[in-house]
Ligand SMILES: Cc1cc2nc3c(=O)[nH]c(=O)nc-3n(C[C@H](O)[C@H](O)[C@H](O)COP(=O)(O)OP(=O)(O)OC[C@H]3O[C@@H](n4cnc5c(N)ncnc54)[C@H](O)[C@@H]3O)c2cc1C
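Coming up is one lone chain in structure tokens, specifically the form predicted on its own.
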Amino acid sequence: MAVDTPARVAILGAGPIGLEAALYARFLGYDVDIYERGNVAENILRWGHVRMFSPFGMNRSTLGLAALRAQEEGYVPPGDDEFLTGLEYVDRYLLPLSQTDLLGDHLKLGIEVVSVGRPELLKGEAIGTEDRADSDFRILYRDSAGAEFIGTAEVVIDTTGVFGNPNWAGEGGLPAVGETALRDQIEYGVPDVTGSARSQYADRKTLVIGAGYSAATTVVALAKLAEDAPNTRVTWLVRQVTEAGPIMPIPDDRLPERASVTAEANRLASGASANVSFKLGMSLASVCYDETTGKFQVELAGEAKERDEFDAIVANVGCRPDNRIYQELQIHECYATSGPMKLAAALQGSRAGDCMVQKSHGPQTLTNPEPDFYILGAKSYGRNPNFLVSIGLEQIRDLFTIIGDREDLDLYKTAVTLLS
């Protein structure tokens, strides 16, 4: 619903969508607080060694470039056709953007938002009515020392993403027996196996679980590592597979890095490398860690059960939203993806194997029964992995047509004149 300036907008998360949403709000004259439990682009830094599939031109806004050039006349952005690593994206765009006068003083780093609610209303009161907007949001947050404080806002935009909340690796998406106790010892991200994490994987035996691009990236990197460390061994566990292999190729893929990883991962799964063992139709049934040997003892479940031991486990099994932040608000979630229901329904109705053909589904798909609370970015897609930053920028534009109460509001189009 419409909110006049200078209302206070709380942005949860200082990743690309959080920063871009904050910038949009600042240009329109809103007061902004950006809450981030780590550093700027914390989640991206965790996979900073990986080269992004999409070019820089899909991961920046005209408004962001205008703000950077206004801040520093000599600022030179990456080329729109450059394929940056995550670290390069942060260093050359996101971090400088966060340090501009428009955003720098509004960042609250090292601050974890614990919960958001309405101080005068419980979750089950004033159900689905705009009367709930008469009470500002109450934000409980915690600093790095553990001290807790209260903030307030008239609008809250949750852009906290999903990366820090991985799925479980066991059968049916449940934790494997023993997995919860080993959550901190199993790697759920994409490790830098040829760089900073090399010693943990070189000449060692690793179990990789998953059938998405993250798992493919990990397996390809481990196979590359095996060229220099020939005793490196990889067992790749995949529950289902396509006719082409574990990763379905996209015809005439417009993202060359994605096409390259897909082709190489499928080649390795076909038996092209003696260092990579591919197991189809199997799941992790149980896992324990032997302190004496320093190895994981695992049981794999499929048509038959197998037992094996590994030096490391990488579970690239996807991520899910953490809804604890808004448990006391009226958020309608999809029963399948855990994303906001309206957007989830729109995404389900336009299933596309290639994320490049997706588009924003309009402002109304971003609304919830809870007035003035919005979920943008990867978290808005729930467990659907096809989110792109370019879609998030469209979401920001759409959202502020609601908040600003102007259907034709588009600062990105306006900013083009500033860059010309």
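This structure is a prediction, so every number in the text was calculated from the model and none was measured. The first residue of the shown sequence is 1; numbering continues from there.
What comes next is about the form predicted together with the ligand, which is not displayed.
Of the listed positions (E187, E179, E112, E154), a single one reaches within 4.5 angstroms of the ligand by any non-hydrogen atom in the model of the complex, namely E112. For the options A378, A67, V32, L393, the one in contact with the ligand in the model of the complex, meaning a heavy atom within 4.5 Å, is A378. With the partner omitted here, the stretch from 158-166, 278-286, 119-127, 295-303 that lies within 4.5 Å of the ligand by heavy atoms in the model of the complex is 158-166. Contact with the ligand in the model of the complex, defined as a heavy atom within 4.5 Å, is made by none of K205, L207 and L222. Heavy atoms of V50 reach within 4.5 Å of the ligand in the model of the complex, making it an interface residue. Taking the partner from the other structure, the ligand in the model of the complex has no heavy atom within 4.5 Å of any heavy atom of Y374.
For the chain shown alone, L366 is not a contact residue for the ligand in the model of the complex, no non-hydrogen atom being within 4.5 angstroms.
In the model of the complex, the ligand sits within 4.5 Å of a heavy atom belonging to I325. The partner is not shown here, but in the model of the complex the stretch 12-26 reaches within 4.5 angstroms of the ligand through a heavy atom at G13, A14, G15, P16, I17, G18.
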